[in-house]
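Consider the single chain below, provided in structure tokens and representing the form predicted on its own.
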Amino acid sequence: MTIKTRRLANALGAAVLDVDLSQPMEPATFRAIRKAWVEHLVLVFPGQQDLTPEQHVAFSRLFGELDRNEATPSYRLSGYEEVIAITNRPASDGKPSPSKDVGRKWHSDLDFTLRPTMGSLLWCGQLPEVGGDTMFANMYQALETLSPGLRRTLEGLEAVYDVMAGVRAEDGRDAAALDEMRANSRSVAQPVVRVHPESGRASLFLSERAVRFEGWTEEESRPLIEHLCRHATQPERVFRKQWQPGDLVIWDNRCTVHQALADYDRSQIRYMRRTAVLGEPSGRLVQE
């Protein structure tokens, strides 16, 4: 079985054409999609305007076990524990959406947990007039273009994540959402270099949410973390997704990082729906 794809950027990203995700999928079609996903890292399925939350979940489950969003239950779409709404649309009681500012830093989903995600599937329901883009970076290339000496330094190194460190500087978080995140916050150390279980390629696994390297101070760690993140997200390693309503995008969190841009009029609505496929256990708890 073959599917029609069209590359969207040099570093990563491809569109999958003529696939209706609202319909039951033949196993051979899914195998072709998964192969293309491993090859291109990010797949865009345009024209999925009628995709329901149930159909979104059903397609996502083909990839594996889904995250139930226990760390951020306030983000859940009502009635769907495996789906979160990422939006600036106010809640029904008029309060600001707790997810309105998520994803502003370069990151890999759930990199601050002991089971980071394998992949994430984001569906676009509503967009502002302009903007609301998402950027993705190829972390295979990020590692492969480092000097041999720096690569040797990174082998065996661990980065420490604390989800609260990533939100302390962000404005507008609802107090209840912050309390919820604080209650679920634990420091986790993740390997900085990981081998992808399907492609066999090594990639950099590091994001702007990293606090420090294990065994290093924050002061010692910060310059190298910032250098590596800048290096990883250079334009030649990035795909910038300009959304259209009805797009569904799946990206591989094992070898990419992404960032949601606040490049739009915040008085206009941006509404996205996301599921996340859990990956293999990774990392360890760190005693602070």
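One-based numbering along the sequence shown. Because the structure is predicted, anything quoted here is derived from the model rather than measured.
The discussion below concerns the form predicted in complex with a small molecule, not included here.
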| query | finding |
| --- | --- |
| Heavy atom of L122 within 4.5 Å of the small molecule in the predicted complex | yes |
| 4.5 Å heavy atom contact, H56 to the small molecule in the predicted complex | no |
| Exercise: W251 in contact with the small molecule in the predicted complex, heavy atom 4.5 Å | yes |
| Partner contact for N88 in the predicted complex: the small molecule, 4.5 angstroms, heavy atom | no |
| Option from 105 to 113, 155 to 163, 186 to 194, 211 to 219 whose residues, in the predicted complex, bring a heavy atom within 4.5 Å of the small molecule | 105 to 113 |
| Sole residue of I225, L51, A260, L66 within 4.5 Å of the small molecule in the predicted complex, by heavy atom | A260 |
| Heavy atom within 4.5 Å of the small molecule in the predicted complex - the one residue of T117, T134, S97, Q141 that qualifies | T134 |
